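Next up is one chain by itself, shown in structure tokens, the form predicted on its own.
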């Protein structure tokens, strides 16, 4: 069997890891499909489970000249060749060496799926058949996997216009697993989103509000937030490509909203409108207690040919610089001192960790720092994160860990990578004399699980 790519542990790091390795997994932010648990049907095939939904996988293959259509992307399920897709993936297996994806996939194959043959181009069919055989059994249905993987809670991410039928079905099924929605309103807040004006009209139809009036638009948003909360949601999520918050006077925002309804905002007006709406969302979060997540620093869909052919989320999103101090200024100075507000900040611009984000979280009572995200969710990214933020922010101003994934079976692997990083970091702190073993043992479960529950207000 191929060795699994894991951070090497010894001594105190190994001791600390053993105390947290089997803790229940809290997955408070991700992009899994709630229909999996509503329907509890068998996953269709290994390619659809492991390759097609995972942009970490297919972006690497695309960079090596593999066609996305040959991977089944943009192809109707009945027209795909799952075995052929898996063979193509196996032919490029070595391309993932040195990447966190390799470690996650190995953990998924050999620990979660318990595959008994090492994956190589020559064993692709054998591994495919073993995975398919596992998926045909009741032990590998979505609900059984949720339980056997040790998940305590999993949050999906759902658009503001989502009727939440899958979440309602989960609740009505009587199943004890905790799968909750997260309110993602970008499609009705950000005029740069495709179909924004049409989305506003749909929001009005869904809520019975006349969203052409700004005050009624806010009422419609509150109605949708309440619907999410009724099904267990504790958080909102906002994708902010260019971070800027603004507070506009009533006449200004009403005028911009009139233009938004008509789909007539210029790019600069659209940014001002969205910047104002982020502050409105923060105010609503202070009112209803939902934790506000801001993900900034990703330039979306930079490969325009792929965007035109396949749509967004095709692996062409690239990190860019973010000015967090200026970008958050209006929001923080309007509502940042409100003790009811909780805002989690996620960045792809690592240069801001020590310079801006850690000092901000070390001051503003509403702020918590999200874990290393996306391109930095890796052993080295975790090490860099702790090295840059702890001295200014401390530990209690961190939001623990979330996996932020569409790849359900990779969740244990990602949390295991984080927990190994926690053990290595804390052991290093003890070796440097920052604090003692007793404090390290106290901090280990806090970082592995408890901070995430606290940050997302998931406490029992």
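Residue numbers count along the first chain shown, from 1. What you see is a predicted model, and the numbers here were worked out from it, not measured in a lab.
Missing here is the form predicted together with another copy of the chain; even so, the following discussion is about that form.
Stretch-level contact analysis of 268 to 276, 287 to 295, 200 to 208, 323 to 331 against another copy of the chain in the predicted complex, using heavy atoms and a 4.5 Å limit, identifies 323 to 331. Checked against another copy of the chain in the predicted complex, the candidates 212, 302, 126, 148 yield a single residue with a heavy atom inside 4.5 Å, and that residue is 302. Scanning 232, 241, 82, 381 against another copy of the chain in the predicted complex with a 4.5 Å heavy atom cut-off leaves one residue, 381. Taken together, the three residues 22, 78 and 418 all stay farther than 4.5 Å from another copy of the chain in the predicted complex, as judged by their closest heavy atom. At a distance threshold of 4.5 angstroms between non-hydrogen atoms, residue 391 is in contact with another copy of the chain in the predicted complex. When contacts are judged by a 4.5 Å heavy atom cut-off, residue 59 counts as touching another copy of the chain in the predicted complex. Taking non-hydrogen atoms only, residue 395 approaches another copy of the chain to within 4.5 angstroms in the predicted complex. Residue contact check for residue 443: one or more of its heavy atoms lie within 4.5 Å of another copy of the chain in the predicted complex.
In the predicted complex, 360, 361, 362, 363, 364, 365, 368, 375, 376, 378, 379, 380, 381, 383, 384 are the residues of 360 to 385 with at least one heavy atom within 4.5 Å of another copy of the chain, listed from first to last.
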